[in-house]
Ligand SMILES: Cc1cc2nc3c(=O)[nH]c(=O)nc-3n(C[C@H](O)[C@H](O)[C@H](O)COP(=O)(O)O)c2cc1C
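The chain below stands alone and is given in structure tokens; this is the form predicted on its own.
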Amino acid sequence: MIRLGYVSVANPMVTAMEMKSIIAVSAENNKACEVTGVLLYNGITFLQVLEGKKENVKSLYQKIAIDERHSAITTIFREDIEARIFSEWSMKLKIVASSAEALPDWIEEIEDVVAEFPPIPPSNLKSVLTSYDTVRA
């Protein structure tokens, strides 16, 4: 299995309805191909972590890379794994920001980025996820 993380710049025209659709469709598709993960959004960029069989994650990532709801997609890590961290989440959205001004008007709630996360052993992944709210494009 592998864990892959990427960042991308969100299309500023993405609406609340589209975000809900992204999560709902992703959750169903990911469940079908046995991929788990989390999607973080700070009003400007996305950070997504995907976990699963190498071929399933690779295939999904190829589809994600051509989605017009984001651009400047950059892989930030790819690692072989023995076990999943997000095994219970076919897809989970977390809205995070160090400043409410960075968020689109339709976002009503900012979440603590790690409040609901499963335990993550000390690693680069944990550092990336816990510092994401300060990332800016």
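Position 1 is the first residue in the sequence shown; the rest follow in order. Note that the coordinates shown come from a computational prediction; the quantities given were computed from them, not determined experimentally.
One more form of this protein, predicted in complex with the ligand, exists but is not displayed; see below.
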The single option of 80, 88, 55, 67 touching the ligand in the model of the complex, heavy atom within 4.5 Å: 67
Heavy atom of residue 129 within 4.5 Å of the ligand in the model of the complex: no
Contact of residue 13 with the ligand in the model of the complex (heavy atom, 4.5 Å): no
Touches the ligand in the model of the complex: residue 17 (any heavy atom, 4.5 Å): no
Partner contacts for 23-41, taking the ligand in the model of the complex and a 4.5 Å heavy atom cut-off: 25, 26, 29, 30, 39
